[in-house]
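We've got the same protein chain twice here, in two forms, each standing alone as structure tokens: structure 1 and structure 2.
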Structure 1
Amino acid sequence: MNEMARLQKRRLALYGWMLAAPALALMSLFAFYPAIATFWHSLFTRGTSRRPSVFAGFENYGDLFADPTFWTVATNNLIYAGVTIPVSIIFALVMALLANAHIPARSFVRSAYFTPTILPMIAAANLWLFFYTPDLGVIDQITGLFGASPTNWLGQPETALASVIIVTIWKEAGFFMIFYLAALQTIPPDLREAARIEGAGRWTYTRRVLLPLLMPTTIFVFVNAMINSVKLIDHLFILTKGGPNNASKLILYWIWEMAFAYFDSPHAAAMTILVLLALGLVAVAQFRLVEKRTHYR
């Protein structure tokens, strides 16, 4: 009997490994191997035709930490993520609540909210480039009605990063709204009726019923927003190119610049590994802290 149980257990284990094998093979080929190769490449110096690359240990990482641009870019990205993630989520939730309510022209409202998402990145950036044009742009035309002087929104360090953040929120909020709208439509209306009978107001229903039920969607949106916060590059190409004076430069743009503008691939690889480590720590914190407070139906 024990021999049969062990055989059955081995069959189940083999069956499980067979199911997981395709995913493991793809992950190894497109995720694990590139990450390991990037880490190995980051341990060497930049090679030239006259001076070949040599092993340097963690020297490239030390160079990054000693570079003031690294701290500027890291601070920019923290500000960028710290603003775009919560603001995009709040706007998406509010828009989803409005789009889910019984209002006139509801289909038009939903389409209007979602329109920025379907625009290509480059087209959206060009559109906002027109908005931000000093003196001639829409924003300066509007502020000029109130007597404000023209502002070079993308050309001065004080407003460049904020201008990029506004473009990102405008584009991402509509995309995240779709997930919230789908989640809202799965919540039974009986819950609202039961809350009303129990004397709960609109705010109490939202805080004690609606938001907990939307928590899985919020986690999904949060993870996507966090990933998006470190992979923005196309808007920067059109809007600021990281300037002025690195005021709007973000991590991925700096990695591209090191690898393909300065041909310094070892330092770009080292920066990539640091980004992977940071994202890994955030993912662990998410699963340890946030996931435990989430209730799945």
Structure 2
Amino acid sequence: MNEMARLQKRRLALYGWMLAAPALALMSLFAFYPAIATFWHSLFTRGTSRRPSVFAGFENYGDLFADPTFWTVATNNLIYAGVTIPVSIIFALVMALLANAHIPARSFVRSAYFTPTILPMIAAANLWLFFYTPDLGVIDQITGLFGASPTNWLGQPETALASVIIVTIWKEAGFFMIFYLAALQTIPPDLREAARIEGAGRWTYTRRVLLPLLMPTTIFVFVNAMINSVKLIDHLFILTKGGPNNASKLILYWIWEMAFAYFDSPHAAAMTILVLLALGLVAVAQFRLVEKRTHYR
């Protein structure tokens, strides 16, 4: 009997492995193995037909740190993340609160907020080109009415990154709104009644009741926004190509450029490893946060 139970258990374990195997195999092929291979390749010099690549230790990393472009790009990405994450979360929250209130034409309002989300970033960038075209673009035509002189929004270092950031926020806020909308639906309406009876105003209710209850959603959205701040670069291909003078270049675009425009894959590999390390830190921090939350409950 005991023997049979053990056999049965082993059969189930085998079955479990078999079910998971196809996914695990693909994942190893396109995530785990490439991550390790990238690290390995980042330790070698760039090979040419005359000079084959040789082991170089952490030289590529040293080169990166010595390259002023690295610091520009890293700073750009930090600014990009530092602005897009909080601003799109705040917009998302405001949108969710507005789109959840009983207002006329509510479904129009919801779609209007959400529609940018379903557009390809490439298409979104095309739409924004009109707004940014100097002199003839919509923004300059509007500011021109007030007597402002035309601005080359995408072509000057001072405004290029900001222009890219605005497109990202426009694209992302509606997506995050959906998660807040979903969370708002789970909040029982009697809480609002209770708060009203206690004499709490709208603002107090939002700050003391809603925001704490939405905290898990905010963490989820925050982590997603953080991942996206590395991932979302498609609009750079249309709007600025990272320019002018690297002013709007983000890390992933730089990796693409190094690898596929300058064919310098060892430095691209080293840069990739740095990004993976940063994302790994985010992952650890997130698991910690989630654990804390579950303890708290």
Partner chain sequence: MKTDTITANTTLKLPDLDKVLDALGAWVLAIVWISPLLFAAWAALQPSGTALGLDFSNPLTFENFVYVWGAVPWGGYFTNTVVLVTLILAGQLVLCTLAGFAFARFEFKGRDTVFILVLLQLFILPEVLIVENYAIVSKLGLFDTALGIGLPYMASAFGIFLLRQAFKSVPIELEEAARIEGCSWMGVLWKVYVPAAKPVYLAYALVSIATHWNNFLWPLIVTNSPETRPLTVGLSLFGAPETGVDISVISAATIMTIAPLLMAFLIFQRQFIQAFLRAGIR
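For clarity, a rigid core is taken as the largest C-alpha set superposing within 1.5 Å between two forms. Every residue number counts along structure 1's sequence, beginning with 1. No experiment lies behind these values; they were computed from the predicted model shown.
**Q** Two copies of the same chain, shown separately. Which of them is the form predicted on its own?
**A** The form predicted on its own is shown as structure 1.
**Q** On a core-based superposition, does residue 282 travel 2 Å or more at its Cα between structure 1 and structure 2?
**A** It does shift by 2 Å or more.
**Q** On a rigid core superposition, how far has the CA of residue 9 moved between structure 1 and structure 2, in Å, if you could check?
**A** Displacement of the C-alpha, rigid core superposed: 11.3 Å.
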